[in-house]
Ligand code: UTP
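Form predicted alone, single chain, as structure tokens, below.
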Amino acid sequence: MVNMLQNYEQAKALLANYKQEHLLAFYDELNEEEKQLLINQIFQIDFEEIFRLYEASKIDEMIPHHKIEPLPYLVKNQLSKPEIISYQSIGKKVISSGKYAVVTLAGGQGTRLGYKGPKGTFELDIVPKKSLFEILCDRLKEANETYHTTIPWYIMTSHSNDQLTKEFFKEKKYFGYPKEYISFFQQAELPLIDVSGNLILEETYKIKEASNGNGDVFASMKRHRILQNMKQKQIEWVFFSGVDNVTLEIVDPLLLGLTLLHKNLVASKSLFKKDVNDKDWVFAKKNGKPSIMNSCHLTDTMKIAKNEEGNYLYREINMLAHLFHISALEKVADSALPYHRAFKKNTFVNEEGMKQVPEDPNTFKFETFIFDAFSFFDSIELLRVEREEEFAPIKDFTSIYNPESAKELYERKYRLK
């Protein structure tokens, strides 16, 4: 009891230093286990960091126009068949030699789909039905057969879905994939802050936290010794993608071959931005380094500018399909990516100790983005692919990226009518 009392007083003093005493408002109503959970969580939070992020995020980034330049890219459909065969042959040799791995970013829940559970367990309504995880696994098994190898598969989960994801794979017998070639690791979390600068409670005994963005994948891979595991397996190239794009080529010898040929350490697939007024961020050079930036930083002239071949200079957008050399991963894992602030709705425990669902966004979430890693390198291999061929993500039921549209594109590509 003495230790509990001392811990309580220390936690109370820590919170007072950051004006967050409200987090202990219901302490006396908790049982001993709940008290311990709350105190432990308070001690684990880096309050200095979270409030530094909060203050820094209030400042809008200003990018002078002369600091922005176009980023070179290739268009897959403009390559000749002999060129594609030649570039692919370079990539195929690396894949066949067992030096290629895949990382799936699967920390999300299926909330926007009205689905309870990890998003990767959501099933696409094809015949037979398949989860997003199984669809990805199918691509890997096909590649293994094609290249006579077994590609290591690393899956980044979150605190909220890690256990359920592992149980799902176990229940599905890993979809017939060699269990020893599948590894799971968790991304980190950060507390949420409301508009008054206060952390919020998820339960009377738990501070609300959320995953800190897909950019945490690099630090998480180092923290969980995934990078060490890759080096032991002599992996040289690692492809990163989300869990919800059902037509993406995650084992792409063309992208790999081009990247090797041009001696780049990082690469990405892109999509053409059809509507210049869309809010999609675009690839460009910022301060001489590869970047993805908000279109608001471009002038109207830049948005429609073309090169001598008639290709637009600032119309390539991100589709979360990135390739990194292992040395690039090690470099980024030891570096700090910038945090971005998102304003979102989150249920919280109010002053009466009751769960309250806000009508409007009420909290700030801080997250890093994987594409900010590009700025650590001088160049990037950028390959534009067609939406109809490699972009069928499942986001929700109200946007164009819904399960029905994904199903149609998937069936068209794999002839599952």
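Numbers for residues come from their place in the sequence shown, where the first is 1. In this text, the rigid core denotes the largest set of C-alpha atoms whose superposition between the two forms falls within 1.5 Å. From a predicted model like this one, the values you see are computed outputs, not experimental measurements.
Just so you know, the form predicted in complex with the ligand exists too; it's not on screen, but the next bit is about it.
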Which one, 171 to 179, 296 to 304, 109 to 117, 82 to 90, holds residues whose non-hydrogen atoms are within 4.5 Å of the ligand in the predicted complex?
-> 109 to 117
Indicate whether the ligand has at least one heavy atom within 4.5 Å of a heavy atom of Glu69 in the predicted complex.
-> no
Partner proximity in the predicted complex: Glu390 to the ligand, non-hydrogen atom cutoff 4.5 Å = no
Consider Ala321 of the chain shown here, and say whether it contacts the ligand in the predicted complex, taking contact as heavy atoms within 4.5 Å.
-> no
So in the predicted complex, does Gly242 come within 4.5 Å of the ligand, heavy atom to heavy atom?
-> yes
Let me know the one among Ile292, Leu105, Leu329, Val246 whose heavy atoms come within 4.5 Å of the ligand in the predicted complex, would you?
-> Leu105
Partner-contacting position among Lys344, Arg223, His262, His159 - heavy atom within 4.5 Å of the ligand in the predicted complex | Lys344
Looking at the ligand in the predicted complex, which residues in 172 to 188 have at least one heavy atom within 4.5 Å of it?
-> Gln187
Thr368 C-alpha shift between this form and the one not shown of 2 Å or more, rigid core reference = no
Indicate whether Ser295 shows a C-alpha shift of 2 Å or more between this form and the one not shown, with the rigid core used for the fit.
-> no
Core-aligned CA displacement of Phe272 at least 2 Å between this form and the one not shown = no
